[in-house]
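First comes one chain, alone, set out as structure tokens in the form predicted alone.
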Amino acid sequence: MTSLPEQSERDRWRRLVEQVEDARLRYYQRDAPTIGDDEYDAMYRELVNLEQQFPQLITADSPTQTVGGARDQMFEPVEHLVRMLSLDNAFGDEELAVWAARLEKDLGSLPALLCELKVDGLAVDIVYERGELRTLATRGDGRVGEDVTANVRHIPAIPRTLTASPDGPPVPDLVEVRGEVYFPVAKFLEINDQMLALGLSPFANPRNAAAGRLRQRVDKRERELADVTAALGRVPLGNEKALARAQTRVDRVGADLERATNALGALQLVVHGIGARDGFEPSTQSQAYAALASWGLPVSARMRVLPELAKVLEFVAYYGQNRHEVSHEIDGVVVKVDDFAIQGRLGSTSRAPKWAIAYKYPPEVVRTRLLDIQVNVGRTGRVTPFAVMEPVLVSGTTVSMATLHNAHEVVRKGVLIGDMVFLRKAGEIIPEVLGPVVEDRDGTEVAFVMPTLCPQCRTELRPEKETDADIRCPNTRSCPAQLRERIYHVGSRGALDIEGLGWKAASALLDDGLVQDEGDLFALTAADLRASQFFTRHDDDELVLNELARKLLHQIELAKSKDLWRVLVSLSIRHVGPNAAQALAANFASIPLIAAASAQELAEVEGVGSIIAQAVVEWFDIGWHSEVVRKWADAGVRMTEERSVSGPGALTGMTVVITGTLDEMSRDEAKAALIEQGAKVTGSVSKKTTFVVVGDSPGSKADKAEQLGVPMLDTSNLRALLERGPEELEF
């Protein structure tokens, strides 16, 4: 027997219901949420737990018993032929296993499960009658949605007519399909830029961007344009002011209409369900998808039917790690019983089917408070504003800082110190502030002012050129911030990869006077490090080097013989990253030859170009830079490649893409070997790609190579290509 809820529990339930309903209103109807998905999920789960503890609190209109969303009165109602339900969520492997165990208990064994990506878009219901589109509607409250059929003519991705293929089933008299309309990532970012330019809050996620654009009355804007155009025609000739005002109205309305139709044109559709049908009775979800695809409806190629939970968990884990290989945003995986008869046996609750569940990934967009904006001075002197925020968990890690790039970006995004902001951290990408929650401002927020003096050395900051968006500290040789960043960079993975040379070690080397600049790094000795508390410890009253110091000295010695391109990257030449460094090392094979080359000679190297070439020339023209190179050479750091540089390589003229995790060698090693033999290594697959090297978990690049017919190589074929040339390859 369950206990009765106290007044405090009733009050808490009431507050949670109000908060969840308010969040649903902002998310589903206004397409402008003011809280993150993580905050909503936490509130909703607390409400579920409270109702499980005290079932007496449950009412028919509780958010736990209803589908989120409602119809806006701006649109005509459309009653769905079969009700559209929500999905219950699993927030980890254990919760998914509990759901699967419940199925197994109810059915006697676990049925085949269909897995598909959970697209971050807007759920829609489309009805086709005798192959012709009858209605396009939003989900609404699950029973009645909003009629947005008029906008279909601007959305090429949604077929207006279904056509049977010769080897597929006939188009039925009636079919109701469920799908998701969404924006590709690139279009979503473009739309958010437009929102910021208008001084509005950015969309928190692609779903709200898609909803905001689909739920537009384009027909009203078209009528408005016709009206203002007619009004322009009625302005008497000679009345220049009235003509100018009328033309301005026409231009404004026309621009609004163009933006709206362009956005609709960029919407995509993926079909992921089926409702009512007449003349079509598939036995499984996957069979239904095959039929829908044969009629011309877009169905995900990433759907899989899997026989056991272990395989489902592998699918979930793979896309959790590779979610950004997909062109659109996903926020999880939907797992369904594939068999329709079993779906019918399992049934549904008032809001969700028992035969399906959504495995939710950690949110990549959250909301937090912007406490301050400070600046960082980088290794090339660039001064970068960054946001200091209340710590928040996003994508599985706690984040308290995020880049803001430059002062112009702070203004463009419209963020103020004290704002509540949306923060995004996509996988391993550096955290980024999307923009402010404008609706949450209370007037206490203040604007950021870019400093005029370097916060570390007090040198006056200035742009190199009048047109530069960035400002820099010109004290490149002795600014403590730049020195620290450059020494830390030498040890980074993309440079010489010196284990032990982290941020704290770099700071200690400078603070304790063990190095004056990066030129002294490779001459460090055990005696030098004994002068620093950071690198020593007491052992029976004797001062000895600690483990970090011994590791650092060993790693510095190993770094002296690493590839020439890594030495180039370590010099902190502006714009010279691994790609350009590998190209320069492959073509010149010597630091002295690179230093002596003209800008034109450098620019002719594939993958370098005029901007990088000029940066290289300017770097070597500075006297103390040459002194750094001399010190490194005297200490034994490699300055030349040990190979012949005469004649073209065996792979000259070929373009290669590497994807996935390779056996026996790293991707950097494979890339360096390919470039050494003359190949061009790029990051995207096209018809001009010669080969795609495919490792484990290759992602979408392998899919595109297969679509374009580009030959794919495994690691053994890559070895053969490098050792014997393309003529010896066997496929």
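What you see is a predicted model, and the numbers here were worked out from it, not measured in a lab. All residue numbers are counted from 1 along the displayed sequence.
Absent from the display: the form predicted in complex with a small molecule. The rest refers to it.
Out of the listed residues 139, 424, 486, 472, 139 is the one that sits within 4.5 Å of the small molecule in the model of the complex by at least one heavy atom.
Among the residues 309, 185, 85, 548, the one placing a heavy atom within 4.5 Å of the small molecule in the model of the complex is 85. Heavy atoms of residue 495 never reach within 4.5 Å of the small molecule in the model of the complex, leaving it off the interface. Within 4.5 Å of some heavy atom of the small molecule in the model of the complex lies at least one heavy atom of residue 355. Mapping the unseen interface onto this chain, residue 518 falls outside it, with no heavy atom inside 4.5 Å of the small molecule in the model of the complex. Taking non-hydrogen atoms only, residue 364 never approaches the small molecule to within 4.5 angstroms in the model of the complex.
Of the stretches 117 to 125, 447 to 455, 245 to 253, 532 to 540, only 117 to 125 has residues with a heavy atom within 4.5 Å of the small molecule in the model of the complex.
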